[in-house]
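Read the single chain below, which is given as structure tokens and is the form predicted alone.
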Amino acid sequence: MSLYVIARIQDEEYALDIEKVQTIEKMMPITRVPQTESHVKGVINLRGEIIPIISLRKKLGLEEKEYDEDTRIVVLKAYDMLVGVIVDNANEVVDIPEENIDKLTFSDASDDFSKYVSKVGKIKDKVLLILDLKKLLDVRM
């Protein structure tokens, strides 16, 4: 049994390993940090913890959109760091049995999408794209 938080970006649903999700927050003021990459939106102060915030839309090579009441920051703890990821919506947890998870291989992993999606999970009639957090967060180990 593997639990995932479902984050929606545009019309796609992405799955984030629930063990890496610390909290899901409504949008809040983000303090811009100069001279950072375009997908880094800045930092937030969440209960005394300073957390860098990235735009998942920008990281996946998608066009930015205005934040609305459904926009969320999913705070992830992975590889000894806290990072907030801005998504269009995140309010569902699903259980994807291991036998319903398939690894993806791309012949050309040069686009943003194929760099960050390494598996797909199937539940009923849905196909969920499972994000590779190590690649998404640019962790080099």
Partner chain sequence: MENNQYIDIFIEESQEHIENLNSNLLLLENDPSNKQIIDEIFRSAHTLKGMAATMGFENMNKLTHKMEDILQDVKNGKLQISHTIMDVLFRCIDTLSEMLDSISQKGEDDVPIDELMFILSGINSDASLEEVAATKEEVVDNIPLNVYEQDIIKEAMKDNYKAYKITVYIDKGCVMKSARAFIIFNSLDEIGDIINSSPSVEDIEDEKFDDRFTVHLITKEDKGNIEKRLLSIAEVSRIDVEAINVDLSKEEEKFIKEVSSSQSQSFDALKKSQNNKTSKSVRVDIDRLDNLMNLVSELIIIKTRLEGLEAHNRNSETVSTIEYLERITTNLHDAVMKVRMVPMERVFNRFPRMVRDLSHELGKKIVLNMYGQDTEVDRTVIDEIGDPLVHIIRNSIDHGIEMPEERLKKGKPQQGTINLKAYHEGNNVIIEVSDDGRGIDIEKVKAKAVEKGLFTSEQVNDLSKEKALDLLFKPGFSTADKITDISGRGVGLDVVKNKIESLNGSIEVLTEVDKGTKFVIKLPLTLAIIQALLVKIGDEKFAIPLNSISEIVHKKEEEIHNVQGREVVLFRGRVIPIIRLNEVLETKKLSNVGNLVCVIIKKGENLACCTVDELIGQQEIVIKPLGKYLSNVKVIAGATILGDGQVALIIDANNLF
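Residue numbers count along the first chain shown, from 1. These numbers come from a predicted model, not from an experiment.
Beyond what is shown, the protein has a form predicted in complex with its partner chain; the following relates to that form.
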_Full three-residue contact with its partner chain in the predicted complex, heavy atom 4.5 Å, for Asp11, Lys20 and Val74_ = no
*So, in the predicted complex, is Leu104 in contact with its partner chain at a 4.5 angstroms heavy atom limit?*
no
_At 4.5 Å between heavy atoms, is Asn45 in contact with its partner chain in the predicted complex?_
yes
*Partner contact for Val94 in the predicted complex: its partner chain, 4.5 angstroms, heavy atom*: no
*Determine whether any heavy atom of Ile6 comes within 4.5 Å of a heavy atom of its partner chain in the predicted complex, and answer yes or no.*
no
*asked:* Can you list, in sequence order, the residues from 22-38 that come within 4.5 Å of its partner chain in the predicted complex, counting heavy atoms only?
replied: Thr31, Arg32, Val33, Pro34, Gln35, Thr36
